[in-house]
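In the form predicted alone, a lone chain appears below as structure tokens.
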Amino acid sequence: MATRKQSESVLEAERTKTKPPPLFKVLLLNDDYTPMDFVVVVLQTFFSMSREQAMRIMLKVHREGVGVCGVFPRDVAATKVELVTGYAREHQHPLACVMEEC
């Protein structure tokens, strides 16, 4: 009888590290026409901010021209920009909401 030797080789799973998805800042831009109260409502409605937080961000937008509403993955940020822009247009305000990569 002949004996067969099998080479002993163990296959190891290759571990790859996936990096987290890029994050995007959602920003509100100041304009001379959108009422401050409307901006506060937008921040409370679409970004789940308390009235105090929303007032702080609204004043930052008013004084500095831009304010960060939050940091999100690309899809979430794009959806928020779309929702805020649509809501502003629906209420006939030129409020600009944009996103930029962190």
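Here the structure is a predicted model, which is why all the values come from computation and not from measurement. Don't overthink the numbering: it's just position in the shown sequence, from 1.
Omitted here: the form predicted together with a small molecule. The next part is about that form.
Contact check for residue 49: every heavy atom lies farther than 4.5 Å from the small molecule in the predicted bound form. Among residues of the shown chain, residue 35 is one whose heavy atoms approach the small molecule to within 4.5 Å in the predicted bound form. The closest heavy atom approach of residue 61 to the small molecule in the predicted bound form falls within 4.5 Å. In the predicted bound form, the small molecule sits beyond 4.5 Å of every heavy atom of residue 44.
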